[in-house]
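Just the one chain here, laid out as structure tokens, in the form predicted on its own.
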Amino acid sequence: MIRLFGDRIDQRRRREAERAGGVLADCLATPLPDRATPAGQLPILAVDFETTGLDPAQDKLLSIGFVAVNGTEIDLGTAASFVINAHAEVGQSATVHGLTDDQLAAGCPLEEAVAATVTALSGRIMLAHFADVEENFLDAACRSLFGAGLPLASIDTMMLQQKIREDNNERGSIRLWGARERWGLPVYKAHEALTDALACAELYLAQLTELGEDTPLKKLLGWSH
């Protein structure tokens, strides 16, 4: 899926809202923040998905974690995590996320996890590290469950790290845990969805110390392409 930008996001959201059902219709009817909103005032939801692969047409969504960021504060009271009964075996992907087939079998239905995520995204900008994964899997899940896609305005911390690295003529990793090292952020256990969402939120706030809290959303979205 091509990442949308500017007015194209609003135009596509209006088209998808005409055929969307359930919580997706409510989310699409909720306006996104104005593009002039400064970063220090943005309502954001940091999101992370664990999957069996990178192709939503073939691979399964296994777990979701998210936490809200209000301006420059992480609201831990909004944190949520779901392991999904994907009716599939984890296979080799278990070496990445550590989930087992037994954990998936005891998980919640896909609709419950996706509905909670869509509801939490209402009126918020999505934040993720390499946001293509979350955008593509969530769009595919919404089409399957609610009859329409979910065009998102996303800030991508990987792309922000790339910009900061280029601006400072630096080298070093732009992967989540490598990028966190640049800012002296603590090491967590990787590839647990909620932990990774929190790690992404912390990285974003660290990046804002250099990019500036007055940076408008329009610039953040542009740098995320």
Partner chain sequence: MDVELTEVRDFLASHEPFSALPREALRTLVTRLTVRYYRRGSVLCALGEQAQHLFILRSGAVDLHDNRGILIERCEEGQSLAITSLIDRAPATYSFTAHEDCLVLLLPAEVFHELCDSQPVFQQYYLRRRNKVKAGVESMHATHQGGAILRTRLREIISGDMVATESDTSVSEAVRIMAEATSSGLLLVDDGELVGIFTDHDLRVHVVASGHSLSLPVRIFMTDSPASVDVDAMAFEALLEMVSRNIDHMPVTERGRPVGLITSRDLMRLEHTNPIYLAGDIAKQKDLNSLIDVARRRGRVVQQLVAQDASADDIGRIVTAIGDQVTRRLIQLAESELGSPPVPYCWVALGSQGRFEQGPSSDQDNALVLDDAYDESEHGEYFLRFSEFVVAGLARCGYALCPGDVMASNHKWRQPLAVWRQQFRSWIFAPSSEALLGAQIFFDLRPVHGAEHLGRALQEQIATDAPGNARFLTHLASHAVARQPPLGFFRKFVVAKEGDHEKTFDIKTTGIGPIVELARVLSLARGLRQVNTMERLRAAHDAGLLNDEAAEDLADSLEFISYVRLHHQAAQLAAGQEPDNHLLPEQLNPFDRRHLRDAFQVIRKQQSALAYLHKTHLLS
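Please read all numbers here as calculations on a predicted model, not as lab measurements. Numbering follows the first chain given and starts at 1.
Below: the form predicted in complex with the partner chain, not depicted.
Asker: For A79, is any heavy atom within 4.5 Å of the partner chain in the model of the complex, or not?
Answerer: Looking in the model of the complex, residue contacts with the partner chain include A79, since a heavy atom lies within 4.5 Å.
Asker: Decide whether D102 counts as a contact residue for the partner chain in the model of the complex under a heavy atom distance cut-off of 4.5 Å.
Answerer: Result no; D102 lies far from the partner chain in the model of the complex.
Asker: Looking in the model of the complex, any heavy atom of L205 within 4.5 Å of the partner chain?
Answerer: Contact with the partner chain, yes.
Asker: Does the partner chain get within 4.5 angstroms of any non-hydrogen atom of L138 in the model of the complex?
Answerer: It does not: once the partner chain is placed as it appears in the model of the complex, L138 has no heavy atom within 4.5 Å of it.
Asker: Pick from I74, A148, A120, A153: which residue has any heavy atom within 4.5 angstroms of the partner chain in the model of the complex?
Answerer: Only one listed residue qualifies here, and that residue is I74.
Asker: Which pick from L32, A39, M159, L194 sits with a heavy atom within 4.5 Å of the partner chain in the model of the complex?
Answerer: Only one option qualifies, and that one is L194.
Asker: Is the partner chain in the model of the complex close enough to P186, K189 and T209 that every residue in that trio has a heavy atom within 4.5 angstroms of it?
Answerer: Every residue of the spot touches the partner chain in the model of the complex.
Asker: Given the stretches 54-62, 40-48, 178-186, 22-30, which is the single one in contact with the partner chain in the model of the complex, using a heavy atom cutoff of 4.5 Å?
Answerer: Contact-bearing stretch, as computed: 178-186.
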